[in-house]
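Given next, in structure tokens, is a single chain: the form predicted alone.
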Amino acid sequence: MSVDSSVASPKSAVNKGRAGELYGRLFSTRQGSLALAEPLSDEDQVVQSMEDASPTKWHLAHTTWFFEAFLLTQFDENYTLFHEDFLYCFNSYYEGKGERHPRHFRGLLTRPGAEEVRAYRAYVDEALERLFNSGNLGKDVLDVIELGINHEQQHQELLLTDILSLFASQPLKPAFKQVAISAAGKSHAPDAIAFDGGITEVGHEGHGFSYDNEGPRHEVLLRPFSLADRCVTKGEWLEFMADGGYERHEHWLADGWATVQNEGWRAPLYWEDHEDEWQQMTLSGIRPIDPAAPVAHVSYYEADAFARWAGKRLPTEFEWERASQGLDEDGRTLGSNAFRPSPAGKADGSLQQMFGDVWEWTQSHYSPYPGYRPPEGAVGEYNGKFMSGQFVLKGASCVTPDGHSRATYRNFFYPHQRWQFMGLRLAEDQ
């Protein structure tokens, strides 16, 4: 995504150093969100498919609210709110920023309309432009801007996964974007890549942006282990299903088995059995299952059960991070325009698909690192207060914005959730 040509250049002084770099990234990201929403009708943008998802219109407004609530009202004494009620409508979970509209009722917000939300974005973008040109760009301001850019990138991914959830629930099964689908390929048998044990450092080193939950950097002790060189495929998942994977309790954690029974799971989310042929709802509409592509939209419970069935286990987040050291962090993410997980390449003795295609479940509970302290104020609610009952995922997905992930990135979800592009890679002890 590039900076929209309609955005004026800031003063030459702003064009230098970190401020100039953030200026370009900010308005490129802001335009990128609108570009993702462009294929959607205003009706598409207001509906909420389930409590975990949010309407597109809400994503566009909330990411704008973030800059208004954490930046403009704090650092621009001349800023006037676009609409005072928007502080209530588009706050997500920040208790320190006041009351908010209930999450599960976001789809009932028919007002403001999509057109007014776009006007809200334009209004805040103009204020952000003025802030850059004002010269009031101390480190505290730039830090919030950078956090806001990364926050909006997270919501770009959520926007796409939430649209997939919505379109999957529609009888017409519409496509968000038509993408050419090549013929189903073949996947190589997974190779185990071995790694020595010992003491290793994990966590962000402090150079460049990171979320607060990625630090402090610290030492961990690892036993020798191996990782599969690629992600688990849909073809392998079909074998799991054929062997009674969803009917055999011995593979499942107790909570997982209860969830399978209560929810009636018999396949990954968005899989549909059409006359004894499995197909899957994608961002390009209903498509045949590609057995060589990574399986996606599976919960932690399903990933753990598959690993047990295969006689393996899920890696820890520290094993995954150790294995990723030195690898290219550019993978098949949003810029690839695939909008779906793609098959791995030929076996070459190295780890593939580590950054892109699907987020990879680990067996690590999402908890604070030793010495972790959340930032002060409402921004400290961003990550820390969710460190309970969730599991860490590593890597990136096919709809993660380019450059958004890194080896130390800690995504996290509850073990029953599966509407994101979630997959797995197998590990074992050496």
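Treat the numbers as computed from the prediction; the structure is a model and nothing was measured. All residue numbers refer to positions in the sequence shown, first residue = 1.
If you look for the form predicted together with a further copy of the same chain, you will not find it shown, but the lines that follow are about it.
Contact annotation: Trp271 falls outside 4.5 Å of a further copy of the same chain in the predicted bound form, judged by heavy atom distances.
With a 4.5 Å cutoff on heavy atoms, Ala296 does not count as touching a further copy of the same chain in the predicted bound form; it lies far away.
Contact annotation for Ala338: none of its heavy atoms lies within 4.5 Å of a further copy of the same chain in the predicted bound form. Mapping the unseen interface onto this chain, His83 counts among the residues with a heavy atom inside 4.5 Å of a further copy of the same chain in the predicted bound form. Site annotation in the predicted bound form: the residue of Arg111, Lys346, Lys139, Lys186 reaching within 4.5 Å of a further copy of the same chain with a heavy atom is Arg111. When a further copy of the same chain is considered in the predicted bound form, only one residue from Glu219, Glu205, Asp330, Asp243 comes within 4.5 Å through any heavy atom, namely Glu219. From the list 400-408, 25-33, 45-53, 65-73, the contact stretch for a further copy of the same chain in the predicted bound form under a 4.5 Å heavy atom rule is 45-53. The putative spot formed by Tyr88, Pro171 and Trp252 is fully lined by a further copy of the same chain in the predicted bound form; each residue has a non-hydrogen atom within 4.5 angstroms of it.
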